[in-house]
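This document opens with one chain alone, in structure tokens, the form predicted on its own.
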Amino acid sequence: MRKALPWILPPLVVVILAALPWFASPTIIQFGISTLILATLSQSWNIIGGYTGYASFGNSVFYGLGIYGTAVAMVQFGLPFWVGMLVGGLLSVVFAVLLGLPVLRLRGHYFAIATLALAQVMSAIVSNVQVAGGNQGLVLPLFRGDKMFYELALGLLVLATLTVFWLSRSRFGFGLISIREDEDAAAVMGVNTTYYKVIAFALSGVFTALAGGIHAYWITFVEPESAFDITLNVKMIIMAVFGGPGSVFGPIVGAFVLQSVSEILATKISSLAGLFFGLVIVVAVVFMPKGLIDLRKRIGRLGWRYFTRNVKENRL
């Protein structure tokens, strides 16, 4: 029974979450939508950051492209919502390939800095494009269907998680892990590192963009500053790192835990929410750099030595 539990528990959790909107309050459903979207973003970042080892700060660009692809398609061209989502996803793939070919040749902090500037550049570009509404943004058709948005967000999270599960067991995923551990050695062993990294970047981008499309239609109003918000990218990274980067369920656990605590703090004292995320970064990096998933596996065997060992390895 214990061996079968890892296979039974995830589908059971999905069934329970899928049934939640039918008996929960509107407030809980709205909280669920935002949390599921954040979990999808965290899981998407996990593909490029956790498995490939490239700390991308450019995923907020994919999110913005998904938002504006959906908004422009619906508002300016009168296309259905699902077509708008596909447009946003396609834009993210094209952007990931065109940008990934030059930028993914950079490594470490050079790559992080290069992607960090992308959100600001894209926000400035969209602000001057009239079809995107300029600085004034766009107002989407109002649709009161929180249950639909909840189920869509849950379905997208399940799809992203199944993709990560496939990565964890596929040859392609092993290639990404080898790049993360030692890219030069991976290239010597015959891994086409550029191809692998670009595909991972595109996969990460398409799920992020689809989440942006859901968010755009849910809130019905989009504008450049919030669509390409770099702080959202920071949240993705924090949640993935806190839960366990390079694992299947770590980013989801991190997103649900941190979003729940952040929501509670925000209702009590709003200023504590930002402070909380800053504290999480320190704790996660220093005391448990491999996240909650690794902590659960090793704390029973190592006890407090788990934390002291991580501190020593970080030379603190």
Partner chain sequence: MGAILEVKGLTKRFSGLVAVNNVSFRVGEGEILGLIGPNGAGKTTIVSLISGTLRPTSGVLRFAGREIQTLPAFRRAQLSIGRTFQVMKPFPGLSVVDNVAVGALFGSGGGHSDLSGAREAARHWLDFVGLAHRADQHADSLGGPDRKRLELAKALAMKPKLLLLDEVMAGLNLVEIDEVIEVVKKVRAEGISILVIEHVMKAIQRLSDRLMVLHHGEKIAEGHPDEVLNDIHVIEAYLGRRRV
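For clarity, every value in this text was computed on a predicted model and none was experimentally measured. Residue numbers count along the first chain shown, from 1.
Just so you know, the form predicted in complex with the partner chain exists too; it's not on screen, but the next bit is about it.
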Please check if Phe174 has a heavy atom lying within 4.5 Å of any heavy atom of the partner chain in the predicted bound form.
-> yes
At the 4.5 Å heavy atom threshold, is Ala186 in contact with the partner chain in the predicted bound form?
-> yes
Should Ser178 be classed as touching the partner chain in the predicted bound form when contacts are defined as heavy atoms within 4.5 Å?
-> yes
Does the partner chain come within 4.5 Å of any heavy atom of Gln136 in the predicted bound form?
-> no
Heavy atom within 4.5 Å of the partner chain in the predicted bound form, from candidates Phe95, Tyr196, Tyr217, Tyr150, belongs to Tyr196
Of Val222, Met85, Met74, Val191, which one comes within 4.5 Å of the partner chain in the predicted bound form, counting heavy atoms only?
-> Val191
Proximity to the partner chain in the predicted bound form (heavy atom, within 4.5 Å), stretch among 178-186, 141-149, 205-213, 155-163 | 178-186
